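What follows is one chain in structure tokens, specifically the form predicted on its own.
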Amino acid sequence: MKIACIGAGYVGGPTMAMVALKCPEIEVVVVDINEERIKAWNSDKLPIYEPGLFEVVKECRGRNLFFSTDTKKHVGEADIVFVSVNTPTKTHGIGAGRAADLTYWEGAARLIASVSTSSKIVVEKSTVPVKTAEAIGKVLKRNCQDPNVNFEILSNPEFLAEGTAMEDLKHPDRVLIGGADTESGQKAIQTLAEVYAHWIPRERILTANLWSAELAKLTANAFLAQRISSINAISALCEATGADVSQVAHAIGTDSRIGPKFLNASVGFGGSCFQKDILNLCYVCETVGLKEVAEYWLQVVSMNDYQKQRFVERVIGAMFNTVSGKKIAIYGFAFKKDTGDTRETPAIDVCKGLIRDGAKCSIYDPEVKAEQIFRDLSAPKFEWDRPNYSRSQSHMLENVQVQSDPIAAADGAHAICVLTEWDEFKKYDFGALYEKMVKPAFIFDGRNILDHAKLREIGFITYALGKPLDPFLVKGY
């Protein structure tokens, strides 16, 4: 059996690496038109950072795992084709700001149809709107020259969390496969299920109809994001009343009906999926006339935007209502720890908000490259998912510096903002950092990972998100 995957990104690369590891008799090829990316997958410096990924790639690469730009050859030869391309939010036209842009998906379908001389199973791996399979089926059918070639489309959404993707792939809660309620559709489901059954117990391989599988992915992300927005809404109330959001979260998380996961208040959620998928869900609801349902889910995104804005206002308000010309150290730019991914990271909006007020941001992140930070801060909203290689990667923003170490970032700074929960931040010598900073020195912990009592002892004016306010930060008017 041969498997090809179109798209060598955060989903395609790790997923195919795990399939290759667990199914040594299957040849797995990841194809992408981006030569730089493929070159990186074939090197010792992979294009994405994910704990445990490099070891798996190294073991399988050249044996039964290959990375190539020869899309036509490998897609043409494959029995199963995974499609793992971007489905960004539309930036203009009908549905702009909500609907998913399926340009890349359609391009992939046309490619599959044009090179297919044998029947294939086409697997949706990207997050797609409900009923995408229907549209893709039409494209495949009308563009394939050989009338004997049949395509079965399956929906097999990924439920990976970045930072733990390899572990999630090895021991998933479930694998979901959706297909048509026909004999050939059910046979295709079984074929894909057999691949996963190499290492996943059969009871964890769930099957559904196509539309349920497509919708389950959007719904899962909407529910997870909703939990974050819910606790973040309460964090604002905690600050206003003197309650502690960590204590509130712990108290409600011990209720077995609620559970403890995704109840950490933070500066906001990020990542490639949450916002995009909720907006997509809203658009689907609107197009079928469910306006009230769309408005309900849209509130999750609005609350996330509010939380980021609230953090910026808290920083500026604490620092005597002006950050103009002040150096602010930003610790962490990735949207979460253990990944170099910056898509929709709250750090983008926080930095932009501070820069608009004249602050000079000095940014340090252990895994995010300087070019990526400059690119993110100079890109318009929703553009991060569209690889525009003509845009200058090192577009310099005069109020932004990227530092290679945390000490340089804090040297001469008025404040430190913690925006990613990297473990290394907890181990820093904040006493030494305090000495290098302008007084009064502030720390704004947007992830609640530091020892706040100790910081106050050192002399920092400390803001811990969702916790009782330092007297210095309480407005007297």
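Numbering starts at 1 and runs along the sequence shown. The structure displayed is predicted, hence computed values, not measured ones.
Although not depicted, the form predicted in complex with a small molecule is the subject of the following passage.
For a residue to qualify, one of its non-hydrogen atoms must sit within 4.5 Å of the small molecule in the predicted bound form; none of Ser362, Tyr364 and Cys417 qualifies. Interface residue among Arg98, Arg310, Lys336, Lys352 relative to the small molecule in the predicted bound form, by the heavy atom within 4.5 Å criterion: Lys336. Scanning Tyr306, Phe223, Trp199, Phe262 against the small molecule in the predicted bound form with a 4.5 Å heavy atom cut-off leaves one residue, Phe262. Interface membership of Ile328, defined by any non-hydrogen atom within 4.5 Å of the small molecule in the predicted bound form, is ruled out. At the 4.5 Å threshold, heavy atoms of Glu239 stay clear of the small molecule in the predicted bound form, well away from it. Using a 4.5 angstroms threshold between heavy atoms, Ile121 stays clear of the small molecule in the predicted bound form. The small molecule is not shown here, but in the predicted bound form it comes within 4.5 Å of a heavy atom of Glu421. From the list 290-298, 264-272, 137-145, 245-253, the contact stretch for the small molecule in the predicted bound form under a 4.5 Å heavy atom rule is 264-272.
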